[in-house]
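One chain follows as structure tokens, the form predicted alone.
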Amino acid sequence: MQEDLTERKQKALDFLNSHLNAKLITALNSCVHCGLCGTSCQYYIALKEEKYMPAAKVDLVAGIYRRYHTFAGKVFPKLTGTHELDDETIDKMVDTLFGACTMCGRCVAHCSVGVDIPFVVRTGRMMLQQMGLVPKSIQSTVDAALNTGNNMAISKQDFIDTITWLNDDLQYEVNDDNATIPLNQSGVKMLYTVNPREPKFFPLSISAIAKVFYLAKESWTLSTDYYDITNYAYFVGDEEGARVITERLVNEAIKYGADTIILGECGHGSRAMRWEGPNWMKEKYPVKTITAVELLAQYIRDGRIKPDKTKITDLVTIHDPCNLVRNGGVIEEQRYIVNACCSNFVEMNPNREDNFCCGGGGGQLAMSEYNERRMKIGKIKADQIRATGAKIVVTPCHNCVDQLNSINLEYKLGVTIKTIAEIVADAL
């Protein structure tokens, strides 16, 4: 058993060695320990322990780098702040890199030298993945996605049954017996993707987008085989698994003749598919990608749908998903939509690129091992929401929806959480 562990540690060190490009080496050598990152990180703000500072997380990986890849670290390890890749270091890596970081990137914006801290954290996670030390709960979602086509392991028949009754609901809603939620439809313009939490727990989100597509007269389809926009392999550092998940969606679009993949309301899924996927596949996609948020804004601008903002009079605020906004650049479209659909809108503070994570990102929502910690840091978002006085919180990410619903209950906010598609459908 000890020999097996030694071999796995060597795999992690070999992985680090093979990934020491200019970007990583620069990140590992640039931290000046100024402490500004601590003022930006909700783990440190909420829990007040030094180990939760982003700089401390960087130092875990940087210390291993210095120990095995620098002259001073090899000769004078105790004098140069190095870390042996031993059991103690590994335990710290698992607890802080997986259990105390949402990879939200807020620390990067506040770093005095611009260290890409989530990139370093993800590198550490990839080393742990090489050793088979990914927390079991999040690894199970990756396994489900690879083995069944979606991270909730929803059977094909269950998915079809859900869409069938949602189709009946759509026909009633729009008073048209010919209205349909198309499945496996060839010759369409767009392949739509969803977070599996929608068919499992939030089916009305699918009803909402289907209503919008019906009124916009869109040419689209869902696949019953591969519809999952999430990619938790990205969070656990499994690049091969991430590539497989990405490639499946691209191939589905090609199979049905679609020239565009609509990235459903999932922050990390949109980022993984849009910005990381081509790197995993090592080629440019043969199809276009667009987030559902951007598409809905385009519909309104083009007059393809005409929301009536007098239908929604409660005060509304927006939660900005980190991967969609700070790390993806989709910032103003959701504000344009909400202002077009709602009579009263107020911003959280801070907002846009400087927003605080909901607390469920980076795979935290999928890691039950750290639920208590996740809810403690969620108080920051709860306080933000309460300060707005809003009755409705809109967010274009189902991962955020789940975390915000948990925060809503935990901190007794008394608000309603909605996706962008739901707020649009409500205003039509």
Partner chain sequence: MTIFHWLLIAALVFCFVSCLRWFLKLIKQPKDYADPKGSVADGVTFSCTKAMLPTHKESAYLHLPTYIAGIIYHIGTFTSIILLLLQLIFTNFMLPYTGNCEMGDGTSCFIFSSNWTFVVYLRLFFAVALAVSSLCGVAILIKRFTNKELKALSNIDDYLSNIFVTLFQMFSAIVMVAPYSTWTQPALFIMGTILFIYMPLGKLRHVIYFLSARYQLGAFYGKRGVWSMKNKKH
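Positions refer to the first chain, counted from 1. Note that the structure is predicted; figures quoted are calculated from it, not measured.
What follows is about the form predicted together with the partner chain, which we do not show.
Undergrad: Work out which of the listed stretches, 239-247, 86-94, 297-305, 323-331, brings a heavy atom within 4.5 angstroms of the partner chain in the predicted complex.
TA: Result of the contact check: 323-331.
Undergrad: Identify, from the list K189, H110, K255, K309, the residue with a heavy atom within 4.5 Å of the partner chain in the predicted complex.
TA: Of the listed residues, the single hit is H110.
Undergrad: To verify the annotation, which of these, D354, D161, D314, D168, has a non-hydrogen atom within 4.5 Å of the partner chain in the predicted complex?
TA: Residue within 4.5 Å of the partner: D354.
Undergrad: Please run the contact check for R373 against the partner chain in the predicted complex: heavy atoms, 4.5 angstroms, yes or no?
TA: Contact check for R373: no, nothing within 4.5 Å of the partner chain in the predicted complex.
Undergrad: Would K11 count as touching the partner chain in the predicted complex under a 4.5 Å heavy atom rule?
TA: Looking in the predicted complex, residue contacts with the partner chain do not include K11, since no heavy atom lies within 4.5 Å.
Undergrad: Using a 4.5 Å heavy atom cut-off, state whether Y172 contacts the partner chain in the predicted complex.
TA: No, Y172 sits far enough from the partner chain in the predicted complex that none of its heavy atoms falls within 4.5 Å.
Undergrad: In the predicted complex, is there a heavy atom of the partner chain that lies within 4.5 Å of any heavy atom of I377, even though the partner is absent here?
TA: I377: no, not in contact with the partner chain in the predicted complex.
Undergrad: Which residues from 50-88 come close to the partner chain in the predicted complex, meaning a heavy atom within 4.5 Å?
TA: Counting only heavy atoms within 4.5 Å of the partner chain in the predicted complex, the contacting residues of 50-88 are E50, M53, A55, A56, R66, T70, F71, A72, K78, L79, T80, G81.
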